[in-house]
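Next up: a single chain in C-alpha cells, the form predicted on its own.
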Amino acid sequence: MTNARDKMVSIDSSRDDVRDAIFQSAIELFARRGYYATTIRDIVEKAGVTQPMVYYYFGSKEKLFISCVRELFKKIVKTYENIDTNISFANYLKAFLDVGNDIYADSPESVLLMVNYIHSPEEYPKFKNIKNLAWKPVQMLIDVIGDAKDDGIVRKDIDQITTAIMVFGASTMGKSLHYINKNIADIGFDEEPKYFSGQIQKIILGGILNN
C-alpha cells in the first residue's frame, strides 16, 4: 500500500522530470536556433509539455533563458572546481581539457550555447552576475598557469591570461565546430574532441616548432 510520503516523493519526482524536460529542450533550442528564433511553442512541443507548465516553472521565455544559462554555467564551473590543483601542471592541463570533453559528451548543446552566448552576447538577453560565472573556468586556469610560472615550470615571458584564453577558447570552439559538423552542416571538421584536446595539450606543453 502506498503511503503519503511515497506519494509526495512521486509527485516531487514528476515535477522534477517536467522541469528538466523543459530545461533540456530549451537549452538545445536556444543553442541551435538562438534566443529570438526560439518560441515557447517550440520548447513546449519538444519537451512534450503544455505552455502553462513553462510559465509555472519559469515565468516567461526570458526568465527561462536566464535560468538555463545561469544553472548551466554554475554546473560547468562546479565541474571545473572539482579538478585537483595539487597535481602537476601537465596533469592539470589534461584534466582541464578532459572536463571540457566530459561536459560536451554529457550535453553537447550546453557547450554550443555557452560559446554562442560568450561570442554573440547581443543576440541574447542581458542579466547580472553572468560575467563572473562565464569567466570563472578561465580564471582558474590563469591562476594555475601563474603558479606554474612562479615555480619555474612555465616560462616567465608567457602571459597566463593569453594562454588560458587560448586553451579554453580553442577547446570550446573545437567542440562547437564538431557539433555543427555532426548535427547541422558538413563543414569538414570531424575531429573528435578528445583528439583535438590532445593536440591543444601538445601545442601548449611542447610548442609547434622543432627545436
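Quick caveat: nothing in here was measured; it's all calculated off a predicted structure. One rule holds for the numbers: they count along the sequence shown, beginning at 1.
Here the subject shifts to the form predicted in complex with the DNA, a form of this protein not shown in this document.
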The single option of Lys149, Arg32, Lys61, Lys46 touching the DNA in the model of the complex, heavy atom within 4.5 Å = Lys61
request  = Consider the chain as shown here, without its partner, and state which of Ile66, Val154, Met53, Ile142 has a heavy atom within 4.5 Å of the DNA in the model of the complex.
outcome  = Met53
query = Which single stretch, out of 154 to 162, 53 to 61, 66 to 74, 169 to 177, brings residue heavy atoms within 4.5 Å of the DNA in the model of the complex?
reply = 53 to 61
request  = Examine Thr39 and determine whether its closest non-hydrogen atom to the DNA in the model of the complex is within 4.5 angstroms.
outcome  = yes
query = Could you tell me if Ile200 has a non-hydrogen atom within 4.5 Å of the DNA in the model of the complex?
reply = no
task = Find out whether any non-hydrogen atom of Ala21 is located within 4.5 angstroms of the DNA in the model of the complex, and reply yes or no.
result = no
